[in-house]
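The chain below stands alone and is given in structure tokens; this is the form predicted on its own.
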């Protein structure tokens, strides 16, 4: 596979991953908060669930999303021979 084709295939996979990650980010940053009123009827650790998701749940989800993105991006980079070299 030529270098240009390799880079294009790498970018195609990377942009697909980015779209998925941004969709999850959008859901936890905006969509979930539209349902705070309904979620507040449920209690979680003594707090209304809507409040808990706004204060802590979304932050936890963002950390998980970042971890997922970094791990998958590293796999894509290794697949196309573009991974960073770890010198130990």
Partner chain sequence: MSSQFQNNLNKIYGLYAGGFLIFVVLMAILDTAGVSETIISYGFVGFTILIYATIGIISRTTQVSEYYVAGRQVPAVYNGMATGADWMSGASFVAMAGGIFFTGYGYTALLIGWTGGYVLVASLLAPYLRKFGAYTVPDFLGARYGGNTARLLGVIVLVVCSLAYVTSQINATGTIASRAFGVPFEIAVFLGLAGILLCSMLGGMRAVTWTQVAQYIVLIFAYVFPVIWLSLEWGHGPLPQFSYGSLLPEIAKLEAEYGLGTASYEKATSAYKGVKAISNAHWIPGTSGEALWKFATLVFCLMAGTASLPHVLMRFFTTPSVKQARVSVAWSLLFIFLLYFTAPALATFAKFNFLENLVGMEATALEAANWFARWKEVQFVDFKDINTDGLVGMGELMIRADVIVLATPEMAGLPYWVSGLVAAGGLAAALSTADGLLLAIANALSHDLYGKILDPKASTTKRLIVARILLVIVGIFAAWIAAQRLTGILGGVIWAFSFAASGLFVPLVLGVWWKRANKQGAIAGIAAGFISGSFYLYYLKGLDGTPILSLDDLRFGIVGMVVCAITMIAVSLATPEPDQEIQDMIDEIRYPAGETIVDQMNAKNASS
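Numbering follows the first chain given and starts at 1. Note that the coordinates shown come from a computational prediction; the quantities given were computed from them, not determined experimentally.
What comes next is about the form predicted together with the partner chain, which is not displayed.
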>> Check residue 77 for me: does it contact the partner chain in the predicted complex (non-hydrogen atoms, 4.5 angstroms)?
In response: yes
>> in the predicted complex, is there a heavy atom of the partner chain that lies within 4.5 Å of any heavy atom of residue 9, even though the partner is absent here?
In response: no
>> Under the 4.5 Å heavy atom criterion, name the residues of 64-80 that approach the partner chain in the predicted complex, in sequence order.
In response: 65, 66, 67, 69, 70, 73, 74, 77
